[in-house]
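In structure tokens, one chain follows: the form predicted on its own.
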Amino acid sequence: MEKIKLPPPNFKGEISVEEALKRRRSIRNYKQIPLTLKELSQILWATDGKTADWGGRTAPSAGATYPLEIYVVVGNVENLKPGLYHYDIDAHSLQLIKEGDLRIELSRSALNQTSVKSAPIVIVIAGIFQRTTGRYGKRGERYVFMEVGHCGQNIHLQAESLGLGTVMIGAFEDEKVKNVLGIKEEIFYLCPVGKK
């Protein structure tokens, strides 16, 4: 499988956390302008990227069980072919899973929401409950959902600091999304991202 090393993330932004919080809104319409690989890299790192040599990440995880897997459906990113990619958190790189622009099919699986087919990328937050429930039992499911929320807020704040827009989409047909993407993990969020 093809691997793409992402540009290193920046650790200092142009706007404060407070300003990003004040500006944060759900944006569903995007300019038809491609994202850069640097912007994609920054958004993915913010979502659930590595922040410490021991494996700490940008989002807290109950007992460091890290149940989430981050994918990105690429439709319009400079110098990156359309397809489904898996974000390798440890290597800060992408692995091509499936070639081709999947946004229209994915939109159909998300009740025909236009933001999914028009955004240059759609971040897919998926996961495996067993990684957390294996330690915490049934209550671990709650912890997984909390972690998903942390990642969603990270995406919102990073998008805002980059002048991008996003919206958290939970309205989709799980099995249809899994079939479109060809993955087995549970699907929690679809997060279209683009220039506003």
Ligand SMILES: Cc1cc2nc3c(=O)[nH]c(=O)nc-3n(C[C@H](O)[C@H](O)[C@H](O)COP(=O)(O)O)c2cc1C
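Residue numbers run from 1 along the displayed sequence. Just so it is clear, the model here is predicted, and its values are computed rather than measured.
One more form of this protein exists, namely the form predicted in complex with the ligand; it is left out here, but the text below deals with it.
J.: Here the chain is shown alone; which of Ile169, Ile128, Leu157, Ala62 has a heavy atom within 4.5 Å of the ligand in the model of the complex?
T.: Filtering the options by heavy-atom distance leaves Ile169.
J.: Which one of Gln32, Asn29, Ser26, Thr51 is close to the ligand in the model of the complex, taking close to mean a heavy atom within 4.5 Å?
T.: Contact with the ligand in the model of the complex is made by Ser26 alone.
J.: Is Gln113 part of the interface with the ligand in the model of the complex - any heavy atom within 4.5 Å?
T.: Gln113 belongs to the contact set for the ligand.
J.: Partner absent here, but in the model of the complex, which of 54-62, 161-169, 32-40, 128-136 has residues with a heavy atom within 4.5 Å of the ligand?
T.: After filtering at 4.5 Å, what remains is 161-169.
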